[in-house]
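So this first bit is one chain, no partners, the form predicted on its own, shown in structure tokens.
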Amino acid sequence: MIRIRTYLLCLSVVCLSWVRGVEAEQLPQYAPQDHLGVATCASGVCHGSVRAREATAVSQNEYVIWSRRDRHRAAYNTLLTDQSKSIAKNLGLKNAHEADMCLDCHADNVAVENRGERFQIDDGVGCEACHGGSETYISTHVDDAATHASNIEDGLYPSDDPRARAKLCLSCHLGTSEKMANHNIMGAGHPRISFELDTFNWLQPAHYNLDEDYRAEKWAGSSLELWTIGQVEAARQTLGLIKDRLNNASLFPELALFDCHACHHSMSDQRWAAGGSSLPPGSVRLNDANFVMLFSIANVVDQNLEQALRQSLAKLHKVVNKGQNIDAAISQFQQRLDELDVKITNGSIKNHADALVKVIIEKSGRSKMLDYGSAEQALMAVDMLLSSTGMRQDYAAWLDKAYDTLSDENAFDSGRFTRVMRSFKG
């Protein structure tokens, strides 16, 4: 069920590392296997069946679902729009649909030498962009003796694993050391990047069935577990970007890592509230939207750890603001993040859905979500939690009011958002 309003759906078309348990995994774009092209998967006897089949372990209509309904299919076509042409012109590029900085996230932009005869760059974000180059597994994954583990050994990317999936999705929807929608690209006209793993997972049509076969070999946790893991991995990747792109910065550091709306607002609109960062008025704050939900998660598993996380984030804000060395602050934050990760990986987080709703609502109602990005993350979390507990329909009218407060990021009123969150009854 698609659980959020249309304005968030638009965010899903914006495409552009360390992950516990999958450190050795390479993202499909950089792995050595050749990418043979979407056409190699599209046969009616492979994954191109018009109708789902029941006699096989997979439905075999995965290509049809992707080609007709998945927005990743249109990622390359986005580069042909007038907006993309304008962005390319502003960046001094010949065009967007041939520029690596655009193709890296709007297509399966593997090295030329790794492109098979049927590979087409204009297929967009296709099968192998997520599942890995099929050179070595295409002939073995159909064997009766093949298992999910053996397919991974043959080069299939473990996209079912939540951490590996987070790493893959965030590589475009947040950025890595190799690619990122930086401030230059945004200044040229690229939309602001926003992402939350579980919500965006639901935005696209599933091309797999959570049946007994799937659960026997693959990860099949709840939305709450996927959301929690996504929050931890987004925080990790954000810390990595801060370390990589803000250390030894020039006069103007990578501004895409800061809160966009701290600068982009009317001069008469004094958005200087520092929130939990304890920064003075006029400060340009880091974009900490990928950190704020960690406090609520920690609150329900270890309140002492919540306080430690808050102190770590405040220290990070301070050293970045003062232009000091950030390594120690990042290391401290990563240590706290690892502690939280240990507490959530035992599976107990799935028992805290009701408590999480209460905590996030309470914090939002006490003006803890002063910036648009944090409010956005909070509302997506509440929506997910209400859905996971089967209560979303009961609060549909309230959710509509809450999403209305986020309908225009340039006119976001934190006071209005806070009042709506306070009006939650339950």
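In case it trips you up, residue 1 is the first one in the sequence shown, and so on. All values derive from a computational prediction rather than experimental measurement.
One more form of this protein should be noted, the form predicted together with heme C, which is absent from this view; the next part is about it.
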task: Would you mind picking out the stretch of 289 to 297, 235 to 243, 259 to 267, 338 to 346 that comes within 4.5 angstroms of heme C in the model of the complex, counting non-hydrogen atoms?
output: 259 to 267
task: Find the only residue in A378, L385, C41, L399 having a heavy atom within 4.5 Å of heme C in the model of the complex.
output: C41
statement: None of I138, A353, V125, V320 but one has a heavy atom within 4.5 Å of heme C in the model of the complex; the exception is V125
task: Indicate whether heme C has at least one heavy atom within 4.5 Å of a heavy atom of I229 in the model of the complex.
output: no
message: Quick check on W66: any heavy atom within 4.5 Å of heme C in the model of the complex?
response: yes
- prompt: Using heavy atoms and a 4.5 Å limit, would one call R115 a contact residue for heme C in the model of the complex?
  reply: no
message: How about E62 - does it come within 4.5 Å of heme C in the model of the complex, if we only consider non-hydrogen atoms?
response: yes
task: Residue by residue through 146 to 173, tell me which have a non-hydrogen atom within 4.5 angstroms of heme C in the model of the complex.
output: S159, D160, R165, L168, C169, S171, C172, H173
